[in-house]
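Below you will find one chain, with nothing else, as C-alpha cells; this is the form predicted alone, and questions on how it binds or moves follow later.
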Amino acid sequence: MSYLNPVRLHFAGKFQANVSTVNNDPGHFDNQAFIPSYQELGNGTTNGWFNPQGDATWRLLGCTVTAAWLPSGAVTSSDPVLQCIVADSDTQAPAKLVDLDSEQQLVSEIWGMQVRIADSSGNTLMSGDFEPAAFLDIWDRAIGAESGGDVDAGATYQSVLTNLKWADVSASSFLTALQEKAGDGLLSIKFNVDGINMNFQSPDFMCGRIVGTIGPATTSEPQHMVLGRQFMAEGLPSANINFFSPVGGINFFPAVVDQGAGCIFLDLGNAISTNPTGQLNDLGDLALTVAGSTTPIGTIPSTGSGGYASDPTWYSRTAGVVALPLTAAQLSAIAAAPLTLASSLTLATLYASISEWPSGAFVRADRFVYRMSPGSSAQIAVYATQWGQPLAGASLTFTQDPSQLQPGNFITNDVPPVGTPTTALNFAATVTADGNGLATFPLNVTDPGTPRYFNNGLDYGIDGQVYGIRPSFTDPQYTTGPVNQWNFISILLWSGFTASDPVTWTDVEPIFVQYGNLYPVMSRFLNLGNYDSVVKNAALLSLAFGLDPANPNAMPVTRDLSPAKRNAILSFLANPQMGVPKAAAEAVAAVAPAAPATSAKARMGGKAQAAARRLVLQAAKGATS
C-alpha cells in the first residue's frame, strides 16, 4: 500500500519555506573573511542573497482537503472529511527546512513536522510525525516565467507519518476506513511544491503552492518511494536549464498497478509543466499504451469536463493522481511490457511522451540523505524492481558519483572541493538483492580530515565532506533507458573532532562564531560570538543543543553540526572555561577580491544558483571550451 491507493485523500494550499540564504554560499563559511554585509539582503558576492534573515521555518498554510476516495469511489459532501483541513502542529514549534550542505543544496529536508487532519474548527482528528525527508525530482516546471531560477522549479516530497494519534473519527466513513487501513500505525504522504515567491516585498514572500495525497502505508514497504512502475525521462542539454528539463515534456513519475481494484494509479502531480500562473499546460489528451499496441488502455483528457488543463480545480482536487480502470486482459498485457504515456497532439515545440525502461527495471535507495561521523556505519536500503515487482537476486553496483554536487565560492577563487578524499568511504562494489528486491548496502566511513577548510586548511571552514554514491544494475540488460540524475545517495561525512579536557571557549568559539555568521536571525536573541553572551544563555543553549535533531527546536537549525562538536558544546555549557579566546578583531578580516560577476539567475542565490555549480555542468563546459 501507499498513497497511490483506493483509500486516499487529497489536499491543497500553501507552504512557507523561510530559509536563511547566508549559508548558501560556501565562501561565507570562512570565519576569517566574514564581514557584516554578508548578513544583508543582496548579491552574494557582497551580501547574503535574497533572505539572509530567514529562520528555516517550514509551515503548512491554509491547506484544505479537496477530495477523498474510497474503493467505491469519491466520497460525497455528506462526509465531514471534505470540510477538514490538513495542518501542521498546534502544540509545538514549526518544522525546519534545511540543506544537507552548502555544496549539496538539492536535497533539502523537512525536520520536525507534525501533520494533522483537523475539522473545520481546528480540532485534531488525526496527527502523525513526518519522518524527515528530502525533496526529489526537482525540475524546471513553470514554462515561460520571466524571473527564472527557483520560481520556475517544482519538486516532490514523499514520506510516512508515524506515532499516529486518532480522535473519534466515526462520523466520517472515509477517516474510519483510513484508520482501519493504517493497521501498522503508518500513513503514506506525498506532496508537490512549486511557485515559490521570492519577492521580499510581497506578503507571500517565501511561500508557494502545495498539493498532496495521504493514504495508508505498511512496514513492509519503503518510506520514501513507491514500489511500482517508474516512468523515466531523458533530459534536454544543460544549456539554459536550471535543474532538469525532460525531452518529452513530462517529468519522472511513478505508477501502481492495483490488481484488486482493477486499475492503474498514475501520479502526475510533479510531471506536467505549468504556465507562469501555475495552471497546468495543455499537452493534449494523454494516452497510456503498452508496447506492441497503439490502442490506448486509458486516456487522461486535457479539456472538457474535468480536463487537467481546462479545469482550474483539477490539480488541487487530484494532486495529479489519476486512476485508469483496466480490464483483466489489459492487466495481463501490461504485466511484463513497458508502458508509454504520450500526447495526442504534436505541439509546436514538443511531442509530449514518457516511457518505462524497455526492461521495466528500476533501482533506487529509499532514504537517500545521510549524515555520518568518522568510524560510524550505515545500512542503506536499496530497492530493485521490474514491472513494479521486486527483482529478486538482482546484482547492484555502487560507485562514487559527485557529478551533481555543487562546489563554489562567490567570494574568492578558493573553492572547497567535494567528494575527496574518496578513501574515506568504504563499501562493497556490488550487493545482491534478496527475495523482496531489497539490497542492504553497508557503508563504513573514516575521518575525511578537513579538506574544506580555507587558506590551505589554516582557517576554519566547512566541516567534513559531502559525497555522492550512485546505485545501478550490474547486468546491462536491465539498464536500458535514461538515468534519473537525482537518484543517488548524498552523504555528509563530518570531520573528526577532539576538544580539550575540560572544553574551553577556544575549542567552541569557531563553531559558535560560524553559526552566528550563517544564521543572523539568532542575533536577535544573543551574540554567539561573545563568550559572556553565550555563558549568560548557557541553560537555554544547553536545552536547544541537547534536543534530538528531529525536534523543531533543536540547534543548530541547519542540522550540520557533528555529534562530536555538539557534545563538546554541551560539555562547555555545563562548565564554561574561558581558554584563550581570539581577539574580536581577528574574527573579521578583509574580504578577498570578489569572484567574476555571475548571471542574473545565479545572483538570486537559491537552488538555481547552487544547481549552476554542479560538477557535471563544469565538466560539460570544460569539454566544449
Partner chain sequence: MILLKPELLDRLTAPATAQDLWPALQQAIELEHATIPVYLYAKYSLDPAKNGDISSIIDSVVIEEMLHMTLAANVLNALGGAPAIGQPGFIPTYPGPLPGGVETSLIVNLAPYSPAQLQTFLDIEEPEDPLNFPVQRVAAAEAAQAITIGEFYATILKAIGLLGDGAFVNPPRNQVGPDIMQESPVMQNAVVVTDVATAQQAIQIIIDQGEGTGTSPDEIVGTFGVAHYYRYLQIQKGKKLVPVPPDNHLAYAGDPITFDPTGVFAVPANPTSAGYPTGSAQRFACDNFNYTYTSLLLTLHSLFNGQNTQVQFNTIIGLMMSLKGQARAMMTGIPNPAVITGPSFEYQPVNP
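Source: prediction; values computed, not measured. Residue numbers count along the first chain shown, from 1.
Just so it is clear, the following notes concern the form predicted in complex with its partner chain, a form of the same protein that is not shown.
Visitor: When you measure heavy atoms, are 70, 390 and 484 every one within 4.5 angstroms of its partner chain in the model of the complex?
Guide: Per the other structure, none of 70, 390 and 484 touch its partner chain.
Visitor: Under a 4.5 angstroms heavy atom criterion, identify the one residue in 85, 333, 297, 136 near its partner chain in the model of the complex.
Guide: Filtering the options by heavy-atom distance leaves 85.
Visitor: Note which of 539, 329, 167, 458 lies within 4.5 Å of its partner chain in the model of the complex, where distance is taken over heavy atoms; exactly one does.
Guide: Looking at 539, 329, 167, 458 one by one, just 539 meets the 4.5 Å heavy-atom criterion.
Visitor: Would residue 207 sit within 4.5 Å of its partner chain in the model of the complex, counting heavy atoms only?
Guide: Answer yes; at least one heavy atom of residue 207 falls within 4.5 Å of its partner chain in the model of the complex.
Visitor: I'd like to check something about residue 543: if you look in the model of the complex, is any of its heavy atoms closer than or equal to 4.5 Å to a heavy atom of its partner chain?
Guide: Yes, residue 543 lies within 4.5 Å of its partner chain in the model of the complex.
Visitor: Residue 91: heavy atom within 4.5 Å of its partner chain in the model of the complex?
Guide: Although its partner chain is absent here, residue 91 would touch it in the model of the complex, with heavy atoms inside 4.5 Å.
Visitor: Indicate whether its partner chain has at least one heavy atom within 4.5 Å of a heavy atom of residue 36 in the model of the complex.
Guide: Although its partner chain is absent here, residue 36 would stay clear of it in the model of the complex, with no heavy atoms inside 4.5 Å.
Visitor: Where does its partner chain sit in the model of the complex: which of 197 to 205, 354 to 362, 314 to 322, 419 to 427, heavy atoms within 4.5 Å?
Guide: Looking at the partner contacts, the answer comes out as 197 to 205.
Visitor: Enumerate the residues of 110 to 140 that have a non-hydrogen atom within 4.5 Å of its partner chain in the model of the complex, in sequence order, or give none.
Guide: If the 4.5 Å heavy-atom criterion is applied to its partner chain in the model of the complex, 110 to 140 yields 116, 120, 121, 122.
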